[in-house]
Ligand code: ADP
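Encoded as structure tokens, the following chain is the form predicted on its own, with no partner shown.
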Amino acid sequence: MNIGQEILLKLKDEITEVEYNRYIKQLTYDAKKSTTDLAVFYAPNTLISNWIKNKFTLKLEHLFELKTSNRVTVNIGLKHFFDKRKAKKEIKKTTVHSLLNPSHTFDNFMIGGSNQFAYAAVKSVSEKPGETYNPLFIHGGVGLGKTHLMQAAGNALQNQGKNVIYTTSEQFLNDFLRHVRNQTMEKFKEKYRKCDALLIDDIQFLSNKETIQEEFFHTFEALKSTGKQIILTADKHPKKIGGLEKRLQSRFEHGLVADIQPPELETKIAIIENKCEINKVNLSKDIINYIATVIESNVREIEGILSKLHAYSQLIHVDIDLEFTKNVLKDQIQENRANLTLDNITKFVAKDLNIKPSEIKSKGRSKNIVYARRISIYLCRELTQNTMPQLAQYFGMKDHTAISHTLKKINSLMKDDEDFKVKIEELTNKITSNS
């Protein structure tokens, strides 16, 4: 497999199956006419060539640069009309490339209570680099938007004419080792210490690597002393990163540390609606709410689900309704919930409603206990694979008919009481997000 095919397969993971099969799959890569700074693809007709040029050229160039660390111009044309000299001229006309993904902007970042502070901090830094919050350290779990925010700042700064370096800690380490081997460390220092803004993703991977931490410390100090902006991301707070030198930890904390939490239900719904609009996927409100309540808080998972639904719908020619959605996502949801137990759910409901778990499982008939018990039974049935007889035994009820009656009651309440339905959705979201 040549590098052009590898890049197209990487793009496949980020677009819908229909787009890939209908357009991208039609491309062929010309390894002979391609060079280190030029990637040549052929399309079968002008329509496909123009469509890919307008929609995916920047993305393909970004993927090539991630793979090769070279700035690559992608040329998509028709085989009989390709002119290598013309393509070479176009390289000189292209704008400055970087590892930044051009699609990551502030405009398409969904803001909610879980990320509002981090968003405001990054936006402020992009407007006044080196003046406030330097360094800016963003931490949070996988797929919550750290990289999107960091690259949004990078794109904004690059649009201002700033020299921006975005890299991952792994790429930074590999670049360092390459220059050490080639005895060209002066070039390494000039590259990283002369930029206007240095953005490094997943800084936790420098843990326990003393030599690279030493070099990064001096790079950090050189940039900070000249008022250049530094933005870093990690999966946890600097204090909790093991194997990190104390002086680096101190420098990271000296700036502003902002965390991103898993999105609350409203933000997940907004994210899904936004992704639907971008990917031209038409989903009803019920389906969007269902997806938001049953999936984890990883934004990448949301994108994957929408692509899956769209692909299934297109390939087997059916409309996407709620039942169809449940069937398509059945295996994925079961996998996400594999760690959920009856005790987990009951304890979570008890804590949220401010009663004891033992009261939920008791014979108590007070209004708040019955309310909590019904919700627990419903969520245990929805979020686990336990049968109704197993639930009856767990909750100390006579038999499965009592569970069935409770479930009917809950479904009726959800149909008639919008506030109650929202409460159930919020609890489902919290439980699945913390599983």
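Small disclaimer: the values here were computed from a predicted structure and weren't measured. All residue numbers are counted from 1 along the displayed sequence.
What comes next is about the form predicted together with this ligand, which is not displayed.
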property	result
Sole residue of 204, 147, 289, 124 within 4.5 Å of this ligand in the predicted bound form, by heavy atom	147
Among the candidates 325, 229, 346, 115, the residue which, in the predicted bound form, approaches this ligand to within 4.5 Å (heavy atoms)	115
Residue stretch of 216-224, 353-361, 248-256, 137-145 approaching this ligand in the predicted bound form, non-hydrogen atom distance within 4.5 Å	137-145
Triplet 12, 14 and 24 all within 4.5 Å of this ligand in the predicted bound form via a heavy atom	no
Partner proximity in the predicted bound form: residue 104 to this ligand, non-hydrogen atom cutoff 4.5 Å	yes
4.5 Å heavy atom contact, residue 303 to this ligand in the predicted bound form	yes
This ligand contact at residue 208 in the predicted bound form, heavy atom, 4.5 Å	no
In the predicted bound form, residue 283 touching this ligand (heavy atom, 4.5 Å)	no
